[in-house]
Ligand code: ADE
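To begin, one chain is listed below as structure tokens, in the form predicted on its own.
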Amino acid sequence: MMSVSTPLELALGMPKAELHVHIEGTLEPELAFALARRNGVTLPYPDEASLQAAYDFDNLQRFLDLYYACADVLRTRADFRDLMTAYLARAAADGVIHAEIFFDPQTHTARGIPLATLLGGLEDGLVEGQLRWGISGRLILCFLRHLSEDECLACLDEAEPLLGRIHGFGLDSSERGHPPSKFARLFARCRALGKPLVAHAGEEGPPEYITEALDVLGVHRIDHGVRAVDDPEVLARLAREGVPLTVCPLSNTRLCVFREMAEHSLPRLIAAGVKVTINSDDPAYFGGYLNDNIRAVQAAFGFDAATWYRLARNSFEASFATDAEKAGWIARLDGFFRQRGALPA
């Protein structure tokens, strides 16, 4: 007799993609201290417990200050491999079968780490993840928007010889005071290179930043975008044009974009017909990986099985994978729901 799964059980167990995760933001205190010991780096915290206690932010900038301090333990190709492998192990446990992973080269090249070193280590981790857990992976190079456009253009110069190993370009870091239009020349060059483009917009910044990211930068996906509900025209455009949003619920509440999950704009985005996906952002810092976000969302909103199916399907459709890969993953998703008698009509 077929067992009946609850919507939460379906959501936790279903195959899914993660499209918004910063690999540096998966650095758990235990690994941070292990790498610090390996590399002779002294962290500004006496032990793992005190570092974990420091993960108590009330805004994006306080988080970023800690984020960049911890990244200093990442020095060698093996360090970046271990970081990637640790993330993929957790992702696999959450049912992730495809991940599009952000990395911030400027965080590391500014410390004298060659781009080839970190890229090679991340690729080593992706290979191991494919072999051990069958996870497909893509790497998206993100530029730090708190830096100047000229500094970001220099980063792109360094990346161009390695272009065949980079699957897309993005824009992250502090949103306030750094509108997408600040990087118009940078993204014009990125567009000419023919890679998929994404940008953080409409998290702490206003809906106008979403419009700029689309019209000035030419991005294919918006990371966060939760402020779209503040502008009916922007919201309607996202739905009409099928622009995906990579929403990160626990991150948004941890950084006080919303005071609590019950205030999150996620249900309004879904109701408006926007192609929403659920992601973990910087899970080591924000209290959870993908399934932790799902649990928090379900506790707040009680979505039905059809909604969770749609969110998972969105994650595959919004990916930068091939049409054949997407079709295969969606078939697996359909099979999962069909086996449990829950495939929407």
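A residue's number is simply how far along the shown sequence it sits, counting from 1. The model shown is predicted, which means the values in this text are computed figures rather than measured ones.
What comes next is about the form predicted together with this ligand, which does not appear here.
Interface residue among Glu212, Glu100, Asp172, Asp79, judged by heavy atoms within 4.5 Å of this ligand in the predicted complex: Asp172. Exactly one listed residue, out of Ala54, Ala36, Ala296, Leu64, brings a non-hydrogen atom to within 4.5 Å of this ligand in the predicted complex: Leu64.
Shown alone here, Ser251 lies within 4.5 Å of this ligand in the predicted complex, counting heavy atoms only. In the predicted complex, Leu60 approaches this ligand with a heavy atom inside 4.5 Å. When this ligand is considered in the predicted complex, His22 lines it closely, a heavy atom lying within 4.5 Å. This ligand is not drawn, but in the predicted complex it has no heavy atom within 4.5 Å of Arg221. In summary, the region of this chain contacting this ligand in the predicted complex, judged by heavy atoms within 4.5 Å and restricted to 198-206, 176-184, 226-234, 259-267, corresponds to 198-206.
Contact annotation for 256-284: residues with any non-hydrogen atom within 4.5 angstroms of this ligand in the predicted complex are Asp281, Asp282, listed in sequence order.
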